[in-house]
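The data below hold one chain only, encoded as structure tokens and taken in the form predicted on its own.
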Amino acid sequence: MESWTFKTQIFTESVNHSATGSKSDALERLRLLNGERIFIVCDPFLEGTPALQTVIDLISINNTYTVYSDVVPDPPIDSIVKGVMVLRKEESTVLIVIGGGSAIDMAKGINYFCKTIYQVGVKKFIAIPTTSGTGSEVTSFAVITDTKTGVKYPLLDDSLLPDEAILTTFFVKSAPEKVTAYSGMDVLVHALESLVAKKANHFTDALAEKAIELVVKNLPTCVVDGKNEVARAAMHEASCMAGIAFNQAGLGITHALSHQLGGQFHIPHGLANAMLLPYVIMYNAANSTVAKSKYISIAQKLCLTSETSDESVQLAALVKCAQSLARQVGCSMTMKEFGIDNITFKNSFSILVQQAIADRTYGGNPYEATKEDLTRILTCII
């Protein structure tokens, strides 16, 4: 018997998906907070901006608040410890995080260590994502970094899940093109990996398939026309769907390897995923009949080829779709294009592969990749 519970309440804004207008009302929920000591974690570029002030105006009438913006990509342990100290000092009762995956992971880490080490914590944790990518607002994962070793450590615990997730296009409309592109490709990889992961089921498949469809249809629009609220809302929802899917089904070796590329070479996570994805699709299809069948099925759902086409043609069409989408939104597809020389990259293979096998996401892959397999995949992105 299997069971599936999901504690995070998701609030979306009233967007008319058949029109170009929208009504941004999801943030109004924050007016319900009353008599709380609110700890706000946000990306540093938000502090002092009208966007953050909009949130403060909603909560400041009957509450007190503290803003913590010591957030950097790949949140380091030291910054999380500092945040724990501030939250304890302020005796905060509500935690609100406004930001991308790193900010949300930072907030998750702060809340988690407050509870596990000091047995104190907030009574409500609210996540407001400002990028459509990680799905971190609905996952029990967080990734923190030891800056001394460059190693990323994934945390996995249901207590990491926010109590509420507010999906609003208010913040994402101003996201830069590269952030939109990389985070959007991250959504695609989350969905495609969860689709074939070992713990996938019909429920996660449905979420993953819809997320893939929304990304392919809407990501290019978001990159070239960031103010398009309908496309932005669709990508935000796709990110959330993919997050729910992989939180239950798991991920795979794309993420296991990309975590290491980010830790060692500071490659944006979504970009690293985009580089690796085509080769992981081909690897999984060659070694898992279930994965191959699902890849072909999604290629058909996306109308990439005729249903009567040869299986190899349909599989190739999915790979081409992933590559073309990445190129269309401006992703570098090799380490050399990103600026990493071949010798430096090759010399890192041993440690990258070793750490990838130890990564929590590695075990979710539909087929257990060997060190040699992972090395060959890395070779493809030189």
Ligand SMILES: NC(=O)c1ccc[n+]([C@@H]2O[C@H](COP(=O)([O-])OP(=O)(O)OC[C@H]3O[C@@H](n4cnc5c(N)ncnc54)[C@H](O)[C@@H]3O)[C@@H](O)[C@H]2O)c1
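So that there is no doubt, residue numbering starts at 1 and follows the sequence shown. Given the structure is predicted, the values throughout are model-derived calculations rather than measurements. In this text, rigid core is short for the largest set of C-alphas that superpose within 1.5 Å between two forms.
If you look for the form predicted in complex with this ligand, you will not find it shown, but the lines that follow are about it.
Enquirer: Among the candidate stretches 275-283, 303-311, 134-142, 195-203, which one is within 4.5 Å of this ligand in the predicted bound form when only heavy atoms are counted?
Expert: Heavy-atom contact with the partner occurs in 134-142.
Enquirer: Would you check whether this ligand, in the predicted bound form, lies within 4.5 angstroms of a non-hydrogen atom from each of 74, 175 and 246?
Expert: Yes.
Enquirer: Any chance residue 109 has a heavy atom within 4.5 Å of this ligand in the predicted bound form?
Expert: No, residue 109 sits far enough from this ligand in the predicted bound form that none of its heavy atoms falls within 4.5 Å.
Enquirer: Test of understanding: in the predicted bound form, would residue 349 fall inside 4.5 Å of this ligand by heavy atoms?
Expert: Answer no; every heavy atom of residue 349 is more than 4.5 Å from this ligand in the predicted bound form.
Enquirer: Decide whether residue 179 counts as a contact residue for this ligand in the predicted bound form under a heavy atom distance cut-off of 4.5 Å.
Expert: The answer is yes: residue 179 has a heavy atom within 4.5 Å of this ligand.
Enquirer: In the predicted bound form, does residue 171 come within 4.5 Å of this ligand, counting heavy atoms only?
Expert: Answer yes; at least one heavy atom of residue 171 falls within 4.5 Å of this ligand in the predicted bound form.
Enquirer: Check each of 252, 162, 83, 101 and return the one that places a heavy atom within 4.5 angstroms of this ligand in the predicted bound form.
Expert: After the contact test, the surviving option is 101.
Enquirer: For residue 230, does the CA position differ by 2 Å or more between the shown form and the other one when the superposition is done on the rigid core?
Expert: No.
Enquirer: Is residue 144 one of the residues whose C-alpha moves 2 Å or more between the shown form and the other one after the core fit?
Expert: After core superposition, the displacement of the residue 144 C-alpha between the shown form and the other one reaches the 2 Å mark, so yes.
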